[in-house]
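Consider the single chain below, provided in structure tokens and representing the form predicted alone.
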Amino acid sequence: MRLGINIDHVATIRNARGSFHPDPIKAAKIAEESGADGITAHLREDRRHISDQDIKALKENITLPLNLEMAATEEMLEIALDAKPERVCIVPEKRLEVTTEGGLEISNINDKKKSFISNIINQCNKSNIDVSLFIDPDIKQIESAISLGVNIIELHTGEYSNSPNNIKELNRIKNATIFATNKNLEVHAGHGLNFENVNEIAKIKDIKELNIGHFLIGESIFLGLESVIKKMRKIIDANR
């Protein structure tokens, strides 16, 4: 199972002072040296953490694949085509939300929006950029993702991570993974995962990649970034 490290909140801390420290590029390099398989960065429309310059610097300074999370907009498509990350993950985005609140709603959107997302997928694929859709573990959403032409989905694990009854949510993720895999989709997952709740997700053999950020960046205040990434890597590997 691949482990992608989301470095957004290194940039959040940097931006709190409007300075250059801590540097998210340094965090990406530490992740690279600590066993990570990829770097994830969400370039939000309001630029609340990761900046355009960060994306450029990541492409210039790291060798790990870059997963660019972005909203489905013309602006973000232009940035993606210029930056050429290895993968784009299309995510929902609300200006007032603290963090991503759920998966992308694609089963009930109108034909114009579907056509636009499909166009993003096609243009990225022509530039050798893989595209995934960040969606809830729901069969209807997966079917809609297939109709849009992606070959990768990332399942939102937030409900599982936050639910006191996470057995139900875990089963939703398992069933969604089985369904998607049988439809020849590659399955990734992420959101809210930590040292305790990642165990059961890591046991789902058909999930190929986890993307984890906030918990690891927060925990690194106490243990150091290298230590927490290595610990997460060890837990995931032990459950495979």
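The structure presented is a predicted model; accordingly, all values stated were derived computationally and were not measured. Position 1 is the first residue in the sequence shown; the rest follow in order.
Omitted here: the form predicted together with a small molecule. The next part is about that form.
S.K.: Using a 4.5 Å cut on heavy atoms, which of I212, A176, L58, A31 is close to the small molecule in the predicted complex?
M.R.: By the 4.5 Å criterion, the partner-contacting residue is I212.
S.K.: With the small molecule left out of view, choose which of I153, C124, I106, V91 has a non-hydrogen atom within 4.5 angstroms of it in the predicted complex.
M.R.: Checking each option against the small molecule in the predicted complex, the one that comes within 4.5 Å is V91.
S.K.: Look up in the predicted complex whether G38 has a non-hydrogen atom within 4.5 angstroms of the small molecule, and give yes or no.
M.R.: Although the small molecule is absent here, G38 would stay clear of it in the predicted complex, with no heavy atoms inside 4.5 Å.
S.K.: Since only the chain is shown here, I'm wondering whether F134 would be in contact with the small molecule in the predicted complex (any heavy atom pair within 4.5 Å).
M.R.: Judged by the heavy-atom cut-off of 4.5 Å, F134 is in contact with the small molecule in the predicted complex.
S.K.: With heavy atoms only and a cut-off of 4.5 Å, decide whether D54 touches the small molecule in the predicted complex.
M.R.: No, D54 is distant from the partner.
S.K.: To test your reading of this chain, name the stretch in 137-145, 112-120, 166-174, 83-91 whose heavy atoms come within 4.5 Å of the small molecule in the predicted complex.
M.R.: That would be stretch 83-91.
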